[in-house]
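Starting off, we have a lone chain in the form predicted on its own, written out as structure tokens.
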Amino acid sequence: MTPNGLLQIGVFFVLILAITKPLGVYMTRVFAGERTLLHPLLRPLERACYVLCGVKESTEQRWTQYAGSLLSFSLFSFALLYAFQRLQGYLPLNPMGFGTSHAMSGATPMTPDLSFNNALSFTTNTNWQNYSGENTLSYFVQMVGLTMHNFTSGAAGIAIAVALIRGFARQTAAAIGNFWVDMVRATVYVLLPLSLAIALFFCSQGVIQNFHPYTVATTVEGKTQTIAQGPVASQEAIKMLGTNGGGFFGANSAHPFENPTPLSNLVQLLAIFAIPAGLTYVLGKMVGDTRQGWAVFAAMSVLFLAGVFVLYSAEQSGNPILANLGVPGPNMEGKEVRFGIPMSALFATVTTDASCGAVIAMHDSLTPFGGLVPLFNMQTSEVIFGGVGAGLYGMLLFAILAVFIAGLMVGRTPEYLGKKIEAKEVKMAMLALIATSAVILVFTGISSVADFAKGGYWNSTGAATTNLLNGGPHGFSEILYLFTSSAANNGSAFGGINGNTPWYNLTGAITMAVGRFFIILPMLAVAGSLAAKKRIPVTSGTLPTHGALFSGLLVGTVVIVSALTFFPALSLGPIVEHFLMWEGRLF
């Protein structure tokens, strides 16, 4: 690692630290319904949303009603995007004719299974894409379909986090807020103004925003090249801010039209972590003790810094096989050469800490230990800042387990933020962890040994092992990464695997749904249970949860639970590949 690289990582972290409190204070006021500086401009828009949707702003919901509202909205969003994709040939803003008989050469058809996968992907804030956007989707679908989902799925995640915080903050209450009000406020006051400002900044840096047909240029060799155009800046802003990650271009943020300068790259990184970091301060403010929020922030920061330095060190050390051939130096394969090893390592860590999935370096080209970091980041249920809202309610899940473990050690009923943690809360937390872990491991195991290429429905493109570019442990890592990314609602890909097959489209979609709703629903049940309880006074036997001791306990719980769950799978993939690399073997 170099001093310059360490400085770049340090500057990023200091900026995130500086953003956390002011953004957290602002969001606290927004979700409390208090007046903010933007109220004169945005309050009429908020009211209009309630009138159009028939929502009573003053009406609150029990956790079951809150969950029902989320599920009904998600189902409607899924159906709408599925229809847009299947019917894009009949919709406007389609200069390249996608979905028609005169589509551009090389266009990817939106088959039923691909449309199903993609619609569920954007509904669950995963944004996994088994296609290249510039070769597949019209401007209309990109804007009205995908970008709209980037806002609403992100807003839904924020709403769930706020509802869970209310469960800790309230006592003897039946309701945890109103899903529709929380989602409207998250969209109107948080995501919309920040996205507008960031999109305008991106335009100033050179990110394109137009409706032009694709440009056909003649290269110096006399060949023709098709240069994709489109409304990129508007999608790029919410892609990062909402921790969505789905790129307009297949190359994602490595494409110069999406990420043209070092400054745009820094702002993209800050946008990914800004809201998740700010929500930790919201937690402290709403429960009446900001130290609680900073303790969670500290635990997230320790895990983040550990990951980025392991990945940076692995890539800076390079491949020993090349060093033995007289080519020493860092591993530049698959890297964003404009930004170098430090920013590539930082971006890969940030995007998998959060459920973003945007990339500037190809994770399939990382060294084995370098690739281990993104995998493990996601296997923690992405609680290292995590997605907008998802990171906080995921970390609070681990906090429940942490105080439960501490209670077992000293023989006391566990407490957290003034509430007793009893059997129901622990069962719900374990249900969430087991469901997501099981779907990853089961589908990875089946896909690692199954070959459906012999006939039947799956033979349309082949499936499972027949679609791997690499064999051995690296091929296994590609499969494990696909299902881990899907369950973590991340959306980044290891590459080297053809995911656009009926098998991976359907199993990937199931995995995304489990990863989203089998965490949200148990956490909403926890919120309802906690809100109904009385606050417990602090005694000499109460475990302090606002200091370094608890932050360390929380970090240990995340690492131990995740490692125990996934160590066997990781041993078959990146860990064994690392030792084989030192023996001179590649895959």
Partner chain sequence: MWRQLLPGLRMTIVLTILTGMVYPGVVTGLCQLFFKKQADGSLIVKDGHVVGSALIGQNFTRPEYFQPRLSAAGNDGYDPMASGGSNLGPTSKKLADRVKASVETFRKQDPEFTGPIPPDLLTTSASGLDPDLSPPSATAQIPRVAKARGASEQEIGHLVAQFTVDRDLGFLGEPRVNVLLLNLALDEHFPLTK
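Residue numbers count along the first chain shown, from 1. Each form is matched to the other, and the largest set of C-alpha atoms that superpose within 1.5 Å is called the rigid core. Model, not experiment: these values are computed from the prediction.
Absent from the display: the form predicted in complex with its partner chain. The rest refers to it.
- Of the candidate stretches 341-349, 273-281, 510-518, 438-446, only 341-349 has residues with heavy atoms within 4.5 Å of its partner chain in the predicted complex.
- In the predicted complex, every residue of the candidate spot (Ser195, Ala254 and Leu586) has a heavy atom lying within 4.5 Å of its partner chain.
- Using a 4.5 angstroms limit between non-hydrogen atoms, Glu415 is distant from its partner chain in the predicted complex.
- At a distance threshold of 4.5 angstroms between non-hydrogen atoms, Ser101 is out of contact with its partner chain in the predicted complex.
- With a 4.5 Å cutoff on heavy atoms, Leu37 does not count as touching its partner chain in the predicted complex; it lies far away.
- In the predicted complex, none of the heavy atoms of Gly288 sits within 4.5 Å of a heavy atom of its partner chain.
- Val55 is the sole member of Ile536, Val559, Ala32, Val55 with a non-hydrogen atom lying within 4.5 angstroms of its partner chain in the predicted complex.
- Residues Phe249, Gly250, Ala251, Ala254, His255, Pro256, Phe257, Pro260, Thr261, Pro262, Leu263 are the members of 239-265 with a non-hydrogen atom no more than 4.5 angstroms from its partner chain in the predicted complex.
- Superposition on the rigid core between the shown form and the other one places the CA atom of Gly222 2 Å or more away from its counterpart.
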